[in-house]
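The chain that follows stands alone, in the form predicted alone, written as structure tokens.
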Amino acid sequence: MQNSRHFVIVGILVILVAVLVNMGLDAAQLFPVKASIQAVPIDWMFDLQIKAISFFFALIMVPMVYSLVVFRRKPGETGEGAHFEGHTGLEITWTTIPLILVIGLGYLGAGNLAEVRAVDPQAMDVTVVGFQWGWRFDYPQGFSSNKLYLPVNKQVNLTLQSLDVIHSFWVPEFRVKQDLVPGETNYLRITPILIGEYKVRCAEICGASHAYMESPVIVVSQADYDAWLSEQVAAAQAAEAAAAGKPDSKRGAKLYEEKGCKACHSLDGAAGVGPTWKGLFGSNVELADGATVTADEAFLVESIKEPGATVVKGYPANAMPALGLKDTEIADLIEFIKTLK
């Protein structure tokens, strides 16, 4: 009878502590707002696990603390406690139940993963390019932006590419994230459901300025997105028309930022993954094969279009990806390089 009373008290305390711990974790607001369809099943899974964590925390801590308080050695007691050899039934139980729980969570997790990765055939496409230390977003309409604009309630298929090292695309409010691996193309699907401004962060340590690798993510209504898209297309067409004439160093400076050139080439003479652009134009460049060439327009055009054609001494081969720049963009970049004396 006495033992039954202890079991009842411990059982009540376990339930009470589990509820209080779960309430405390909920009140702590461990997660930011849900801003994508993919966040809904992910948060449901997290919520289930937090409830399980709360229960098992109580199941372990309550009997332990209760035993320390109630069954502690009393003053004057010198004897030893009863000796137990073990309990086969108990050992089978505490092995079987966790196994069933783990298999159940695996089944639920697989279902949630399928829901998160569900494909909408009407999804829009955006290419995400990561580089040290920034992001570029290429839209299929023929322009690039350093901000990711997305329409609400519309799935977007993100094609992820890296120009240098491993990065990881992560918007906490969207929950999902995916690595960008040099030489590979990965994909990530997101369906924003909440209008607002967020930030994409790099979730993979990628170098000295990793902490500052952020870009705005702006979710707007479909009407606002269409208006923004029209503005960007018009601006890109105007820039292309202007570039058809005389090369412009200001446009080249902008391309240096947007196309990821700054990830490898400094403007102040500092060493980088690739040669500095300061004083580059017209200088004599020693190649890995021992030859010396002049960094004229022909050399720079070849180096941008076919990065592996010539390798500058002291720098790794095949480090620069083919950026697929238009001839007018290359002309603007070279015009910018000419100004860097």
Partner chain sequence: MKNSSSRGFITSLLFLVGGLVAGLLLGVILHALTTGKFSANYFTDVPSWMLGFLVGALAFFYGLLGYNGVVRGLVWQVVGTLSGAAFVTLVRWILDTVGGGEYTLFDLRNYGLSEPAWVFGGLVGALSFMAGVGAVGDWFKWAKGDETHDHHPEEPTWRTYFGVSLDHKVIGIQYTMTSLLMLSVGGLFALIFRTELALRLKPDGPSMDIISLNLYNSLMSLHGMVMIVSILLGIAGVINYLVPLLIGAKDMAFPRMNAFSYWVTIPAAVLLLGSLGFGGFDTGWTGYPPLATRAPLGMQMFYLGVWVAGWSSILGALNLITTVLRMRAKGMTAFKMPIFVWASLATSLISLTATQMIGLAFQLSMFQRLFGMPFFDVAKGGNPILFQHLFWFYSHPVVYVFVLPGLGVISELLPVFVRKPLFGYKWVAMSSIGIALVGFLVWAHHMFTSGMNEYLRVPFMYATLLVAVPTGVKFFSWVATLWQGKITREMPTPFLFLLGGIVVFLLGGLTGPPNATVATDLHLHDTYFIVGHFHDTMFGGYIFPFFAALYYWFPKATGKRLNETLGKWHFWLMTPSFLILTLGMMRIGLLGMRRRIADFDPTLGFDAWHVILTISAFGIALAVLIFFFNIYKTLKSSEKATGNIWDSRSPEWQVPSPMPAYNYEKEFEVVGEPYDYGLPGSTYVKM
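The structure displayed is predicted, hence computed values, not measured ones. Numbering follows the first chain given and starts at 1.
The same protein has a further form, the form predicted together with the partner chain, not shown here; the description that follows concerns it.
Three-residue candidate spot P216, A235 and G252; no residue lies within 4.5 angstroms of the partner chain in the model of the complex by any non-hydrogen atom.
Partner contacts here mean any heavy atom within 4.5 Å of the partner chain in the model of the complex, and among 226-234, 72-80, 253-261, 142-150 they occur only in 72-80. Comment: the partner chain is not present in this chain, but in the model of the complex one of A309, A28, A298, A291 has a heavy atom within 4.5 Å of it, namely A28. This chain appears without its partner; in the model of the complex, the one residue of V119, A270, A110, A241 with a heavy atom within 4.5 Å of the partner chain is A110. Using a 4.5 Å cutoff between non-hydrogen atoms, V10 counts as a contact of the partner chain in the model of the complex.
Though the partner is left out of this view, Q132 does reach within 4.5 Å of the partner chain in the model of the complex, counting heavy atoms only. Shown alone here, I190 lies farther than 4.5 Å from the partner chain in the model of the complex, counting heavy atoms only.
Heavy atoms of L105 reach within 4.5 Å of the partner chain in the model of the complex, making it an interface residue. In the model of the complex, the partner chain lies within 4.5 angstroms of at least one heavy atom of each of the following residues of 25-53: A28, Q29, L30, F31, P32, I42, M45, F46, Q49, I53, in sequence order.
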